[in-house]
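Below you'll find only one chain, the form predicted on its own, shown as structure tokens.
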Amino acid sequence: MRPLTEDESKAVFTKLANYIGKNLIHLIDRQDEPYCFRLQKDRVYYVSESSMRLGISVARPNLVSLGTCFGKFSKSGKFKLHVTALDYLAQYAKYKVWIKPNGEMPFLYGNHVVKAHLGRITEDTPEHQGVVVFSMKDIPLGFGVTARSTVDTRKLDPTAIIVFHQADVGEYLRDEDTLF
């Protein structure tokens, strides 16, 4: 595992800032112990410094993962968040969307959130903003990008897309054979 380069750090923090905004500082400066981001085989891991020091004793080819996988870099150098980062995104999310029970299954099958399934949305959510999708019972289901701002959603018909799907917890089952 190696530290992120400046360009890699910029790509990771830009993507995370789209979802959690200024709460990004809470990921790095934690009260319990310091955490950091490390890169291993194009995947970015969020790991405590004490665990990272223990992981140094394992040879790089033998190390599969360490900490929480936040995402991976594509071959073109773009960073893509994985659903494994959902717990941290949900905890620090700036903008949130709650969907009705009849909209949970379509979202977990990989579909976008339509207005008919929208329960609540954070006020003043801008267009093309990263949001975390919750059930009405405050269970994080996934994350996506808003298609319209909060003001525009009130005027739309029930079949209009509100949130573009990015990742959801149903991926664990759908992509079971390709995760590792």
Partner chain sequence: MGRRSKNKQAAPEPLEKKVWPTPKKLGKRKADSDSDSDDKPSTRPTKKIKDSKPKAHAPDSKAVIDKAKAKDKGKSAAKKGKALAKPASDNDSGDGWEDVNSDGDMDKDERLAPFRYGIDDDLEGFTGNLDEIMDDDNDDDPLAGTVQKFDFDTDQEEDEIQPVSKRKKSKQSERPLKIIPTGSDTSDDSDDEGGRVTMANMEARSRALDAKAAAEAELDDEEFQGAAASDDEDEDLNMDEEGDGDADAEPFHLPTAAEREAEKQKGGPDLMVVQRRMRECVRVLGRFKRLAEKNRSRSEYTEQLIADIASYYGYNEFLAEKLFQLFPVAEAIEFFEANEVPRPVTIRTNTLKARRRDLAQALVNRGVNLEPIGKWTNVGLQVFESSVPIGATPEYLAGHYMLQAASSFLPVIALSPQPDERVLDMASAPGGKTTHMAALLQNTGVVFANDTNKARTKSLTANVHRLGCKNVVVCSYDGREFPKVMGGFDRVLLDAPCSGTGVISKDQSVKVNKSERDFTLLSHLQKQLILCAIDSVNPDSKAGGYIVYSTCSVTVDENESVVDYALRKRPNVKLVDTGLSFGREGYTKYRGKTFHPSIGLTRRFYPHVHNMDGFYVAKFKVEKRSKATKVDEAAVHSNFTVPLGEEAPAEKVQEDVGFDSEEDRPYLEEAKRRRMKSKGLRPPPRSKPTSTTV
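Positions refer to the first chain, counted from 1. Treat the numbers as computed from the prediction; the structure is a model and nothing was measured.
Although it is not shown, the form predicted together with the partner chain is what the next lines describe.
**Student:** Does the partner chain get within 4.5 angstroms of any non-hydrogen atom of Tyr172 in the predicted bound form?
**Tutor:** Output for Tyr172 is yes: heavy atoms within 4.5 Å of the partner chain.
**Student:** Can you tell me if Leu108 lies within 4.5 angstroms of the partner chain in the predicted bound form, counting non-hydrogen atoms only?
**Tutor:** Yes, Leu108 sits close enough to the partner chain in the predicted bound form that at least one of its heavy atoms falls within 4.5 Å.
**Student:** Using heavy atoms and a 4.5 Å limit, would one call Asn62 a contact residue for the partner chain in the predicted bound form?
**Tutor:** Yes.
**Student:** At 4.5 Å between heavy atoms, is Ile139 in contact with the partner chain in the predicted bound form?
**Tutor:** Heavy-atom contact with the partner chain at 4.5 Å: present for Ile139.
**Student:** Taking 4.5 Å between heavy atoms as the contact cutoff, choose which of Leu39, Cys36, Val145, Leu66 touches the partner chain in the predicted bound form.
**Tutor:** It is Leu66 that has a heavy atom within 4.5 Å of the partner.
**Student:** Within 4.5 Å of the partner chain in the predicted bound form, counting any non-hydrogen atom, which residues from 77-94 show up?
**Tutor:** Heavy-atom contacts within 4.5 Å come from Thr84, Asp87, Tyr88.
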